[in-house]
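Form predicted alone, single chain, as structure tokens, below.
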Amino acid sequence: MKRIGILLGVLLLAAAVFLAVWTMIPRETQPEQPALMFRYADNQPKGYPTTQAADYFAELVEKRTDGKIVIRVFPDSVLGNEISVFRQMQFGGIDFARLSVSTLSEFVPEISILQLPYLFEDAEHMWRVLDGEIGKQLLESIRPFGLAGMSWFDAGSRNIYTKTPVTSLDDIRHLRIRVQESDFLSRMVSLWGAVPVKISYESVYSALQTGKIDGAENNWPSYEATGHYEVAPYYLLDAHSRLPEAQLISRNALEEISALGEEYVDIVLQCAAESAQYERELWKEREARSEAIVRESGCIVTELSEEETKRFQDAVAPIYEEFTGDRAEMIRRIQED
């Protein structure tokens, strides 16, 4: 008991000395606790361009707010799939996220325009539109749903990949093709004569492996990073869509930052813009690397002829007729940009 008493006394003395020294340190040199701590969701794995950009965004924000705002990034769908993340953001459960246009379109009608197949001539055309007034207008259209768009990420062009060879529109008919949880993409695949199957991103590999689906559609990095090329080795370069992705902030988080000071809102938005440019550079590098890996693995990559590309385009033309009024006018502006 005597030893315990001595030890307790030593510990109390040490604590008292530490407290005395701490109070003597000038306040400006004492580390500050974050005023705000936020969560950022992404369904891609760590090291993917979007998650790398999310980490960069978090680093920029923490540095430029002197540690007052700290953002923790959760990759790999740890916080739920994209539909779940959107809903959680509406109620303040998640503060920041990178979400696909396909997911956003399920909630925000204006965004669905960006899903139109063959809408953009090429990447240059897409960025000319999204970095201009139309892009700002589309980001603004998200606000009524409890989120605010901050910037656009690249996600390349999407192509079809299958377990059996596909070199023409005729070959895809009746195949079961996985699509994101999007009625719009289901419509597109149906017009090709294939059967759309809605399956979560995380379940695609096993669905291909077991034969539940015959193929899917996605970009080079996703095709390679998920290992889908191992079970669906035929990649058709039809470039049916160029779907950007949006970096978002919840209304709750925006209000909390605004309460800290409007200058902090400006900082966060500027960091979002810079991280978007960073992501686009990372994307170019990753896209080239992923394509090289896939080709070197022995996968069969097929490019469509102009004639066959037109067949794919003509097949989905009825989708454009479903857009009327303001949305039809938006499509016209995009095509003429």
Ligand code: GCU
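Treat the numbers as computed from the prediction; the structure is a model and nothing was measured. Residue indices: 1-based, along the sequence shown.
What comes next is about the form predicted together with ligand GCU, which is not displayed.
A heavy atom within 4.5 Å of ligand GCU in the predicted bound form is found for exactly one of 182, 100, 250, 241: 100. Listed residues 245, 214, 95, 224 were compared with ligand GCU in the predicted bound form; 245 is the one with a heavy atom within 4.5 Å. Considering ligand GCU in the predicted bound form, the lone stretch of 305-313, 42-50, 65-73, 270-278 in range is 42-50 [heavy atom distance within 4.5 Å].
Not displayed here, ligand GCU is kept clear of residue 105 by more than 4.5 Å at the level of heavy atoms in the predicted bound form.
Under a 4.5 angstroms non-hydrogen atom cutoff, ligand GCU in the predicted bound form lacks residue 264 among its neighbouring residues. In the predicted bound form, ligand GCU sits beyond 4.5 Å of every heavy atom of residue 157. Ligand GCU is not drawn, but in the predicted bound form it has a heavy atom within 4.5 Å of residue 201.
Contacts between 50-67 and ligand GCU, taken as any heavy atom within 4.5 Å in the predicted bound form, involve no residue at all.
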